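Listed next as structure tokens is one chain, alone, in the form predicted alone.
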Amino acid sequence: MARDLDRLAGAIGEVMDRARAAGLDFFPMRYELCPPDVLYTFGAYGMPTRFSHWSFGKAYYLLRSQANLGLAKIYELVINSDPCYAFLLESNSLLENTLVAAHVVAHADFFKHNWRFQGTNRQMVHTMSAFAERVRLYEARLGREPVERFLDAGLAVAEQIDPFPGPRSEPGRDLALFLLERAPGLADWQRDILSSLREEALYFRPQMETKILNEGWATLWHARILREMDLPPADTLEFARLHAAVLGPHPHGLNPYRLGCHLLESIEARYGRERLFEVRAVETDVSLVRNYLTPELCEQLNLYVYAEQGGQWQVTATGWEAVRDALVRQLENCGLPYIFAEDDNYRQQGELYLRHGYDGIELDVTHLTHTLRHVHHIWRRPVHLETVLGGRRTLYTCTGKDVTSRAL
């Protein structure tokens, strides 16, 4: 075991030296070797110090079941922090963990230099730990059920934030902040939970906005770093297999590793190494796809637009402009609907009126009704949501457990 750890430490040291020589500049790295159950837990929670909630347990069992059935395997988990924490799976081979080490070093470089991460809390590990402790204290004082019920409600709206708050923000754009500031009768512990959930959402938001770019950057550099290392022939073959699996197309969706890596390779081939590092610093997924997806890449990656028609999924467009525009729409606002808080005293009765920023994509009615109940739990008075269904303006109203709708 000691010899294996020495070999892994040596491989990680070489990875970091080669990364620096290639021009990567990253936070100090802290690698930890973890058993599978620990890594599945961290993966489900998104952070090793986060508060306890049933939804994270559900995610944990899904990850573990997928791994046990051979359907998926966690190869990487890295925390945007200073120092940067990366977790390696102790059941991985030396080669697999060397690949992961190279991959997460590039993530650390990306976290340090991409503009969307410049305002994030680099000590969020400690911030989340302190919040988790406060949640435990609230549960001990108030009982688990009311605290968990409010966590359910807060998590339902936490991602409805304005990632760029300021004087130019559209009024009511940040629903989580609107509820925090204006929901009547919130107790101090409820305000603390809502505020902390919003802070966590703001921390995770840049990662959601740069999934393709960030994973593409890490994949590009793990490949280059390992190709420069003096690997035994068997490991060279195994690396080729692992890397091909990372870049393989997904049968029912977009592989962000594949698209991001090919986009970055195309950018470097067309514009040079300096532009490659510039793109890493100044783009997000939306601008990356909008500015750099080409007809050649669409054809090379076999990208197309598909939709359900007549009860069957069918290809609806293959032209690169249609693919680009569909991708941009899918990535806009991280795929979340725009929900605006328009009136906190609707009908002069203290009711809350929300409006869906309809952009041609309808809301899922089941999700809508559940979410309205969560918002009502925070607001504690009737909540209304205006949206468009079947081409008609429709108003949903939640008065507690009941949710009704009517055409406008």
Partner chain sequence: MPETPFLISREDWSLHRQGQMDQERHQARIREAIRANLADIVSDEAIIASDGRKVVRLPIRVMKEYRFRLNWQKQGRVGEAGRPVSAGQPVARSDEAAEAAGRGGPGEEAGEDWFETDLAVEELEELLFADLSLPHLEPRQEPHITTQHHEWRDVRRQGIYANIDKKRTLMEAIKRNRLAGRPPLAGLRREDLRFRTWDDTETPQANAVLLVMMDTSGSMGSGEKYIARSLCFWMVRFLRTRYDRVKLHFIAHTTEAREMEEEAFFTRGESGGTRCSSAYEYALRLIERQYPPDRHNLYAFHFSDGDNLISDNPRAVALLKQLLARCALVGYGQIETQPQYMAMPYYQPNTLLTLYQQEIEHPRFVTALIRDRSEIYAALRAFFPPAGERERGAG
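Residue numbers count along the first chain shown, from 1. Not measured: the values here are computed from a predicted model.
Just so it is clear, the following notes concern the form predicted in complex with its partner chain, a form of the same protein that is not shown.
Pick from 148-156, 276-284, 228-236, 184-192: which stretch has non-hydrogen atoms within 4.5 Å of its partner chain in the model of the complex?
-> Single hit among the candidates: 148-156.
Listed residue that, although its partner chain is not shown, lies within 4.5 Å of it in the model of the complex (heavy atoms), from 118, 302, 93, 123 | Going through each option in turn, the one that passes is 302.
Of the residues 266, 255, 127, 169, which one places a heavy atom within 4.5 Å of its partner chain in the model of the complex?
-> Of the candidates 266, 255, 127, 169, 255 is the one lying within 4.5 Å of its partner chain in the model of the complex.
Kindly indicate whether 113, 401 and 403 are, all three, within 4.5 angstroms of its partner chain in the model of the complex, using heavy atoms.
-> Zero of three within 4.5 Å in the model of the complex.
Just to confirm, residue 378 within 4.5 Å of its partner chain in the model of the complex by heavy atoms?
-> Result no; residue 378 lies far from its partner chain in the model of the complex.
Hey, in the model of the complex, does residue 335 get a heavy atom within 4.5 angstroms of its partner chain?
-> Residue 335 belongs to the contact set for its partner chain.
Give a yes or no for residue 367: in the model of the complex, does one of its heavy atoms lie within 4.5 Å of a heavy atom belonging to its partner chain?
-> Residue 367: yes, in contact with its partner chain in the model of the complex.
Even though its partner chain is not shown here, does residue 329 get within 4.5 Å of it in the model of the complex, heavy atoms only?
-> Result yes; residue 329 sits at the interface with its partner chain in the model of the complex.
Heavy atom within 4.5 Å of its partner chain in the model of the complex - qualifying residues of 200-239 | Counting only heavy atoms within 4.5 Å of its partner chain in the model of the complex, no residue of 200-239 makes contact.
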